[in-house]
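Take a look at this one chain, the form predicted on its own, written out in structure tokens.
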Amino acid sequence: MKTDVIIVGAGPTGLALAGQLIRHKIDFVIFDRRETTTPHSKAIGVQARTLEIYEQIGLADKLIEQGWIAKKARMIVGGKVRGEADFAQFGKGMSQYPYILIVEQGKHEKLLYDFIKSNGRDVLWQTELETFSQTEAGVTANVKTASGAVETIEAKFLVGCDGSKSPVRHALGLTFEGSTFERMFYVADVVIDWKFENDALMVFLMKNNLLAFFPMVGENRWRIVGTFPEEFARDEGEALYEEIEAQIKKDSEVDLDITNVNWFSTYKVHTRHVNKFGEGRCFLAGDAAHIHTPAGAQGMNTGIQDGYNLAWKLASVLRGRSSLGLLETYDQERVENAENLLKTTDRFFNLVASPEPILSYLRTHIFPYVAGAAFSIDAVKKFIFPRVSQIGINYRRSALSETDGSFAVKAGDRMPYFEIENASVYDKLKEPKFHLLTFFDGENTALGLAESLPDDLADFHELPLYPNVAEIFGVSRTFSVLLRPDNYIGLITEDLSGANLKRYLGKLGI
């Protein structure tokens, strides 16, 4: 069997990567040792940046239809509601999807899988990686199929999306350093009979433990995430459900009856990332490359963004448009993001669960009473939403980012969201190619820019420099933005001759 890209693992990261390769018309083989997509909820938070990615292939609205938009949160201390925060439109003006979507991973995976099948492709289920090797020319993988036969797949590249225990990572000899939280976490999907409506995230604030209830689609359905006390001595997977329920009732201090348990699990939280995201023609994405606390619902979304970053670069190299050197920027950009992500999730986890006296006091005596007001302040929204939603991730330090001029938005930033003539600018950015946008002030022209682009490389948009655009970018004169296929700014320039653009494309090997 011969192909362009081998994808090892068909969880959300592998399936989303396959969807992007379909979008870029790149051939691939994807396989997984499981029988099919997961039947469980597992990761449930879908961030705005993921929905922006899905919108390009027509999946955002379909996923939203299957989920619940997190509209508000109630803070509970000592069994009583002490505060409430409204964040249904928390990111208004910053994204077309100004919220967190709660949707089960099982439904999420099935949607991606159906998209793959609708495009004439499929996953090789019950297929396991035995060995693989690589040369300067390509990768050869030996896999064991459902029948027990060993088959060989030859490809130009391989991507390991095979989870935290990644055989691909181990075979490549990459390190996975970090730490492990001593606390045992538990997660349970249940049906609850209690006094609260199924309309808000319920956050139980305590001195030592973590406990949160997330509304799920369906009558009285909830996802519960919590921690056992430090003295709870069990290995992963050993805790009984009865122990979980007892801990929930003790920590919540509310009268509740769990009438049905759909799924539960216990686990230790590790916070680790690889020393690099690839070796030769083999790469890692998702949990194979980074794991961290569940704080902020970042894990699955980060894996999907890994694949989004990698897919267009693989496509450019496979088409002979760019050299192999372009793929080095995948490691450069995503390692830095993984390092920042681990710091952020660790800090957030300490904020909501640390037993330190000062944090504990703030969490139980101050935060519940000020949260509602704080989350309504624009400055707070502009600080928090980009970090949680992942629209704030940037590649400013990347070799692919070049800012020429004085702009409030820099090369390496995600293209800001704004509307032009009552339509999202992202409506113009769906094609899997570069996008050159020139914003005219009515006086200066840029006739040479479009001529600097190969016909099949990019599309070209001439747009008026509307006041809202001028305010976002911090300029009042004509300028141009070259967006990469993942809608991050590669070049932002005031040069209208096309010279800077030609030089930038030459740096990419184009």
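From 1 onward, residues are counted along the sequence shown. Quantities reported herein were computed from a predicted structural model and do not represent experimental measurements.
We do not show the form predicted in complex with a small molecule, though everything after this point is about it.
Note on the partner interface in the predicted bound form: the residue among L429, V190, A297, V139 having a heavy atom within 4.5 angstroms of the small molecule is A297. Of the residues G91, P167, P368, P215, just one reaches the small molecule in the predicted bound form with a heavy atom at 4.5 Å or closer; this is P167. Heavy atoms of T271 never reach within 4.5 Å of the small molecule in the predicted bound form, leaving it off the interface. Among residues of the shown chain, S95 is not one whose heavy atoms approach the small molecule to within 4.5 Å in the predicted bound form. Using a 4.5 Å cutoff between non-hydrogen atoms, C161 counts as a contact of the small molecule in the predicted bound form. Taking the partner from the other structure, the small molecule in the predicted bound form has no heavy atom within 4.5 Å of any heavy atom of E328.
Although the partner is absent from the chain shown here, G9, R33 and E128 each have a heavy atom within 4.5 Å of the small molecule in the predicted bound form.
Shown alone, this chain has one stretch from 192-200, 128-136, 403-411, 169-177 that lies within 4.5 Å of the small molecule in the predicted bound form by heavy atoms: 128-136.
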